[in-house]
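In structure tokens, the next block holds one chain alone, the form predicted on its own.
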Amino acid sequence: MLNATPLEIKPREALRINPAKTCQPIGAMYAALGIHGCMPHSHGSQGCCSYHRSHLTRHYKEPVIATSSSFTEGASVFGGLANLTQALNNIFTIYNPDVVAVHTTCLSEVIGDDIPMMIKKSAEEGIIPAGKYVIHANTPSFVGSHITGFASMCTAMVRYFSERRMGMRNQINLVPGYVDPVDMRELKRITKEMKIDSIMFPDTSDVLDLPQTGVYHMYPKGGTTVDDLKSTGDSMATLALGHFASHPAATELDEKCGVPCAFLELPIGLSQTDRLIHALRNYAGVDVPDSITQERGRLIDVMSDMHQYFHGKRVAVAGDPDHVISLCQFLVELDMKPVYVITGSPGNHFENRVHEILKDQVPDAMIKQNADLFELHQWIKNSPVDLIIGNSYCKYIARAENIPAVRFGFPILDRMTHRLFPTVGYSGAMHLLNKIVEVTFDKRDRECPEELFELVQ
């Protein structure tokens, strides 16, 4: 399909071909699922809600619940107040969630629906039962990306729930960024290993990675509870993992409740995980346990053993900005060369930070935010790479150019293991290294002449 991508690169201003992102409401819906007993609600048409649910379902291989305001032509002309009012009445009557998390779509944003007013009116009319909550985030698809939507819904959690209640508690908030449930579980395992009390929000572990028991639960046991969300205002600190997905919520919490925040990057790879462990140790005043030190040592051992296969390899990287920033740092630590680095999300911080990471090892790297996979393919056609790392959409480039591909980030629609193994932490880095080595060796074994087909690499 992508063999028709032309070699000649021409400037494009208004057109994106195969953008390396998706729309805001998907991120908002995913974040809302990380609240215990929450029903995500799409304030727009049924088609939007169906697409967002199906996209998440295909990545996580789990049923994703959500409701819709079901706009028709009438709502498009007269506004969505009646639709949202009826929807909230139906949701609390039929599904009885603890929280309804409303996110907007293009249509409701264009007509200018005032969601806070609508929520207030529903509360005054008794449509929202006592002890139940409705929160909202503005997430038009025509700006930002799914990462922006995730960040907006995380910020809404702070805005609606966080409060100073009992003075400072001996606990740390973790805003994990747009990562998979298994990554959130790994982050909680690390804090538990270090004997640190933490509150993660959102938390989709035990929500979108449930075991098969034969019994369906609309609201699984996972997710951050409302009480925990309220207590985030009493925490000693907030660790925000990822500039784009997590920093806005941490900033809001600092401004609202005075909780100091540490702005970190996603703990993917050696040095970024080191920074997380160091921050946890400093804020909680604990020592790093031997078990964590041993995990780090095993990662370094694998990096050393496999170094000859990584050194100098040219890599193309595409994906969400927070993921790509940390991954580029890790690739540099492996002596690999990320020569092409793109994200579909907007934000100049991405280009500035990646340039900073690569300035010594790959000073001529081509780096672009708000880019698309069509242009990345053109770059690769003009000067090939040894490896491509990105989501499932990168498989077309890999096939067309015969490049080994490592599936990484969101969405991964054609594989399963991303649901089972973490990417964050020292353990996640080892899993990522294993994937890189496997695809590299598989290509070598397929293509090498018989006299070089060795049992031991």
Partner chain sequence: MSDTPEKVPIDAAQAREEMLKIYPPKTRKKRAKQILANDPKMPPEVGANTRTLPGIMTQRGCTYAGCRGVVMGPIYDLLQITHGPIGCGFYAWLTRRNLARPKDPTGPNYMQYSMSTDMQEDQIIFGGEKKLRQAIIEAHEIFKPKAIAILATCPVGLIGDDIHAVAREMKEKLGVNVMAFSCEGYKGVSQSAGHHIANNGVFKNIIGLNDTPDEAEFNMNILGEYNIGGDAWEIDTLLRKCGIHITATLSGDVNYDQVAKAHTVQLNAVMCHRSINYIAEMMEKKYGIPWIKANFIGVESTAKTLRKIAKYFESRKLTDRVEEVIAQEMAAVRPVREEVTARVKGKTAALFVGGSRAHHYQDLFRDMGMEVVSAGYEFAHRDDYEGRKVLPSVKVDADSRNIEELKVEADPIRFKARKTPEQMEALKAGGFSFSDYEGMMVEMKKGTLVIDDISHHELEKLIEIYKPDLICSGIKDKFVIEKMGIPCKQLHSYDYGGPYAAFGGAINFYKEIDRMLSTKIWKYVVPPWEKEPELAVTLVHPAKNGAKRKGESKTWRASAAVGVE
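Residue numbers count along the first chain shown, from 1. Remember, it's a predicted structure, so these values are computed and weren't measured experimentally.
There is another form of the same protein, the form predicted together with the partner chain; it is not shown, and what comes next is about it.
Is I26 close to the partner chain in the predicted bound form, meaning a heavy atom pair under 4.5 Å apart or at it?
Looking in the predicted bound form, residue contacts with the partner chain include I26, since a heavy atom lies within 4.5 Å.
Does Q272 reach the partner chain in the predicted bound form, with heavy atoms at most 4.5 Å apart?
Output for Q272 is no: heavy atoms all beyond 4.5 Å of the partner chain.
With the partner left out here, check for me: in the predicted bound form, does some heavy atom of E73 sit within 4.5 Å of the partner chain?
Looking in the predicted bound form, residue contacts with the partner chain include E73, since a heavy atom lies within 4.5 Å.
Using a 4.5 angstroms cut-off on non-hydrogen atoms, would Q46 count as touching the partner chain in the predicted bound form?
Looking in the predicted bound form, residue contacts with the partner chain include Q46, since a heavy atom lies within 4.5 Å.
Can you tell me which of 426-434, 30-38, 47-55, 401-409 lies within 4.5 Å of the partner chain in the predicted bound form, counting heavy atoms only?
One stretch meets the cut-off, namely 47-55.
Name the single residue among M117, A130, M166, I94 that comes within 4.5 Å of the partner chain in the predicted bound form, judging by heavy atoms.
The option sitting close enough to the partner is I94.
Tell me, which of S141, Q369, T224, S122 has a heavy atom within 4.5 angstroms of the partner chain in the predicted bound form?
Comparing distances to the partner chain in the predicted bound form, the residue within 4.5 Å is S141.
Do heavy atoms from each of L264, W379 and I388 fall within 4.5 Å of the partner chain in the predicted bound form?
Heavy-atom distance to the partner chain in the predicted bound form: none of the three under 4.5 Å.
Stretch 66-94 - residues with a heavy atom within 4.5 Å of the partner chain in the predicted bound form
Read in sequence order, the residues that approach the partner chain (within 4.5 Å, in the predicted bound form) are A66, T67, S68, S69, S70, F71, T72, E73, S76, N83, Q86, A87, N89, N90, I91, T93, I94.
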